[in-house]
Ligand SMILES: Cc1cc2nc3c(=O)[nH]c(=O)nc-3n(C[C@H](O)[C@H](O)[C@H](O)COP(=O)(O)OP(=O)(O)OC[C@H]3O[C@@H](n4cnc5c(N)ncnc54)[C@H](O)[C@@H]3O)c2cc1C
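Here we start with a single chain on its own, the form predicted on its own, put down as structure tokens.
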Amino acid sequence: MQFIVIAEADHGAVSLPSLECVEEARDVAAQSGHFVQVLLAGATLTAMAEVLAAHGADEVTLIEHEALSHGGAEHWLSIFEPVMRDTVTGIEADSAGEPSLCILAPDSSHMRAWLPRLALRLQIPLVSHCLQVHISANRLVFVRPTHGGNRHEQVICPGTNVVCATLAPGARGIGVADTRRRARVRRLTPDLSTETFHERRLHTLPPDPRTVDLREADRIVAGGLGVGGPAGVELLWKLGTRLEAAVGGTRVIADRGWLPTDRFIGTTGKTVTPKLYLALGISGASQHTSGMNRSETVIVVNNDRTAPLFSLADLGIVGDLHEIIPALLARLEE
């Protein structure tokens, strides 16, 4: 099984969801002895090729053009359609009728704006928001959530030579980079002109903590049963706004109606990998920790010093969150 990963850059670096895709492709491709090719478009990309190689890329194609630094979905579609059309032409399904090529990309808002249009133009199936990609009984299997996240389904695509899929951010996390790995690097310079496109990105607005997808948040303020009720959850929203952080919580408080149902984190909710996870009043049941245990920095506030979540904390504070949050808000105002 050959893999092509379409990666994206975020603030001058390869996005973490893109690196997750590279590692997922590396693990599956290694089973059949195939290589992983990565396509990365943007401006000033040279240093990123080494990062992609360290996480499993065997070949990196850098598609560089200054217009891509402020271009939108139309730009990306215009450069990737001819590249991918040339690639998929001549690809045949394997002897068992299974796909021979998988195009994998992160399930980000940017990819969702143009990748489905590419799949439609190439007439290949698209399996979105996968949690895992693996080979079982010589079949390529995509695992994705269903029934509001309460169940998982396995999707196969027999009878097609190429399949496209997106991987949910945070689904697997990032492993340790192997800086000794090297990849073959190619460069392409597309013929682009901003004057020929109808859309152009002027600037990026900061995310609204109340609406941003938890899976894409760098900072998360999360609450559990210890918040006590809707008034305690309102404190979470205030703190989230002040820290420019998304707000989430456990399923327990979502089931009680204190928090929107798309805001709970855990086995049957969202899986998140933020740089900062501030857990307030959360005991740390395994159903919740399985959805946040890959967070970069975890701060726990709980009045029960025996709470299991303290074992995951980089900083643990034993205290009443109803006293600590107002004090923190006051300090932040200062």
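Just so we're on the same page, rigid core means the largest C-alpha set that superposes within 1.5 Å between forms. No experiment lies behind these values; they were computed from the predicted model shown. Position 1 is the first residue in the sequence shown; the rest follow in order.
Missing here is the form predicted in complex with this ligand; even so, the following discussion is about that form.
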Check your understanding: Since exactly one of G232, G224, P169, P99 fits, which has a heavy atom within 4.5 Å of this ligand in the predicted bound form?
Key -> G224
Point to revise | is_contact(R251, this ligand) in the predicted bound form, heavy atom dist at most 4.5 Å | key: yes
Check your understanding: Would G56 show up as a contact with this ligand in the predicted bound form if we use heavy atoms at 4.5 Å?
Key -> no
**Study point:** L276: touches this ligand in the predicted bound form, heavy atom cutoff 4.5 angstroms
**Key:** no
Exercise for review: Flag S295 as yes or no: does it have a non-hydrogen atom within 4.5 angstroms of any non-hydrogen atom of this ligand in the predicted bound form?
Suggested key: no
Check your understanding: Only one of 297-305, 30-38, 59-67, 45-53 gets a heavy atom within 4.5 Å of this ligand in the predicted bound form; which is it?
Key -> 297-305
Check your understanding: For the stretch 267-296, which residues lie within 4.5 Å of this ligand in the predicted bound form by non-hydrogen atom distance?
Key -> T267, T268, G269, G281, I282, S283, G284, A285, Q287, H288
Check your understanding: Once you line up the core, how about R172: does its CA shift reach 2 Å between the shown form and the other one?
Key -> no
Check your understanding: Taking the rigid core as the frame, does L259 move its C-alpha by 2 Å or more between the shown form and the other one?
Key -> yes
**Study point:** CA of I325, rigid core aligned, shift of 2 Å or more between the shown form and the other one
**Key:** yes
Review point. Closer or farther: how do the CA atoms of A254 and L16 lie in the predicted bound form, compared with the form shown, if the change is at least 3 Å?
Key: closer
Review point. Considering a change of 3 Å or more, are the Cα atoms of Y277 and H129 closer or farther in the predicted bound form than here?
Key: farther
